[in-house]
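The data below hold one chain only, encoded as structure tokens and taken in the form predicted on its own.
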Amino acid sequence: MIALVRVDNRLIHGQILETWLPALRARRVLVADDEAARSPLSRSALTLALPDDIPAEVVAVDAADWAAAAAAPVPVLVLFRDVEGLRRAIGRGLTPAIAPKVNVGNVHFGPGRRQITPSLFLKEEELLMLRDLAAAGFRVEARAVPGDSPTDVEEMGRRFQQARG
């Protein structure tokens, strides 16, 4: 089963290991990211960070088998580098029926991005994509760690408008 879909441009890192995996009781990690999948060094570095008893798979977004992840006998944490990768996965079979919850945790500042939370900066088109996901039935939230209060997509929109320069 897919316990959570998370957008985090760092992919596997300390917050994942120390907070998300235990909170979700996840026993497997699926990284869907074209850049990491192309690089043997990235794949090794990402999977090296995990404990031996938590297997990880790093695949290109278009190569991910969403039905298999949903049918896994253990909770699976799915990680995307960016909202665009998540959007592409939805076009390839990732649905709210198999992965109801989408967490947007960390997207770095960059050109055209506005601050939503201390660790989340979105472009307008990304916010629109997240709104579309919510309208399609996904429970979309922003938060860095499980102990934080979640920010829903409507509040993300309000914060985006308030951050107007």
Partner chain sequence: MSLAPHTLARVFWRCLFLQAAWNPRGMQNLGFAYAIDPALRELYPDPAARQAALARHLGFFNSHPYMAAAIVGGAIHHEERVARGEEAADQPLTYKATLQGPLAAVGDGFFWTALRPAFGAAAALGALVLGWPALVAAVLLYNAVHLWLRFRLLRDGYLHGDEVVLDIRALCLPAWADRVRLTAAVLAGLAAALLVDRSAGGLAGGLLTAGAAVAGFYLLGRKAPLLPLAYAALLAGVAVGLLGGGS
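This one's a predicted model, so the numbers in the text were calculated from it and none came from an experiment. Positions refer to the first chain, counted from 1.
Quick note: we don't show the form predicted together with its partner chain, though the next part is all about it.
If you check its partner chain in the model of the complex, you find a heavy atom from every one of 10, 14 and 18 within 4.5 Å. Of the stretches 56-64, 92-100, 134-142, 116-124, only 116-124 has residues with a heavy atom within 4.5 Å of its partner chain in the model of the complex.
Just one of 70, 37, 45, 129 comes within 4.5 Å of its partner chain in the model of the complex, counting any heavy atom, and that one is 45.
Contacts to its partner chain in the model of the complex (heavy atom within 4.5 Å) from stretch 74-113: 108, 109.
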